[in-house]
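Just the one chain here, laid out as structure tokens, in the form predicted on its own.
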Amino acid sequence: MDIGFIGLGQMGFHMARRLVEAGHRLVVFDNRREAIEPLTALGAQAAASPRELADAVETVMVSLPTPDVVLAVATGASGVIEGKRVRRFVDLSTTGAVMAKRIFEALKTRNIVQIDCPVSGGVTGAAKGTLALMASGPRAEINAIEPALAAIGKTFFISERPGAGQTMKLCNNFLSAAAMTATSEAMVMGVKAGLDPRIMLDVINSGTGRNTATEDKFGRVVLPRTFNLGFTVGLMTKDLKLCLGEGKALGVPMQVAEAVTQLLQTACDENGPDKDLTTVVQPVERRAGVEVRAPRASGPLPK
């Protein structure tokens, strides 16, 4: 397939790379030249703007950081909406249902179909092609791009209704963030009481408290203090605020989500929004006066 890809950050780069390696003809755009060069070296072509890219291909995929950036790329000056050939706009970002519907209606005026298709699985999943893709839009259009989506991960058809995939993604990210923040507090409490964090993870992962933070994030990047999961606390805070907004609009109580968002915002304020999501443990550590780290001269970390 001929595919355009806009947004070559940590997630987007790997998704674009996998499309090239799967044999698709790829045209790419990013504001950073250094992000484009590794893909052109693999055989992708570079475009000078979203509009130029949308002149060259029928299917445009985007992986962008915020709803406003997606809106500008899709419908702004020199945006995808001005392209002469584009027929599908596949949004792999997390924008929320309200923005997805807004972009859907704008592109519809130019006979461009939007497919909102947010992803989950992190940088590791993007690199391996094991992402969960939450697609909503016309079923026939999703089927038409299935060969390309298969290079990125596993597609779940959510609904033909615009924005449904975004709602699914916000539900997922709320649970992921809740696991990370709750695990941070539990691990700090245990360490403050004198427990070995490695043994804590072993016990939790053998019991009912296990979750994505205990099974992966803490053992891999918190205990060794590398904090390099590859997803920023600022982006997760953005996602939780979108989730709160959608919950409010639907009349759903979101008390747990509010508490999770508060701790995420504290981490943004104290550490900076560009820091890794896993640094959300640090505000809790500072207040408790301990660090969740592997004891020195110890055995291997939990996998």
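All residue numbers are counted from 1 along the displayed sequence. Quick caveat, the model's predicted, so the values are computed rather than measured.
The protein also exists as the form predicted in complex with nicotinamide-adenine-dinucleotide (NAD); that form is not presented, and the subsequent description refers to it.
With the partner omitted here, the stretch from 152 to 160, 207 to 215, 228 to 236, 182 to 190 that lies within 4.5 Å of nicotinamide-adenine-dinucleotide (NAD) by heavy atoms in the predicted complex is 228 to 236. For the chain shown alone, M11 is a contact residue for nicotinamide-adenine-dinucleotide (NAD) in the predicted complex, at least one non-hydrogen atom being within 4.5 angstroms. Heavy atoms of K248 never reach within 4.5 Å of nicotinamide-adenine-dinucleotide (NAD) in the predicted complex, leaving it off the interface. Shown alone here, G129 lies farther than 4.5 Å from nicotinamide-adenine-dinucleotide (NAD) in the predicted complex, counting heavy atoms only. Among heavy atoms of L64, some come within 4.5 Å of nicotinamide-adenine-dinucleotide (NAD) in the predicted complex. If you check nicotinamide-adenine-dinucleotide (NAD) in the predicted complex, you find a heavy atom from every one of N31, V69 and S93 within 4.5 Å. A heavy atom within 4.5 Å of nicotinamide-adenine-dinucleotide (NAD) in the predicted complex is found for one listed residue only; from V123, A106, A164, V221, this is V123. Here is the short version: of V86, V119, M99, M168, the single residue with a heavy atom within 4.5 Å of nicotinamide-adenine-dinucleotide (NAD) in the predicted complex is V119.
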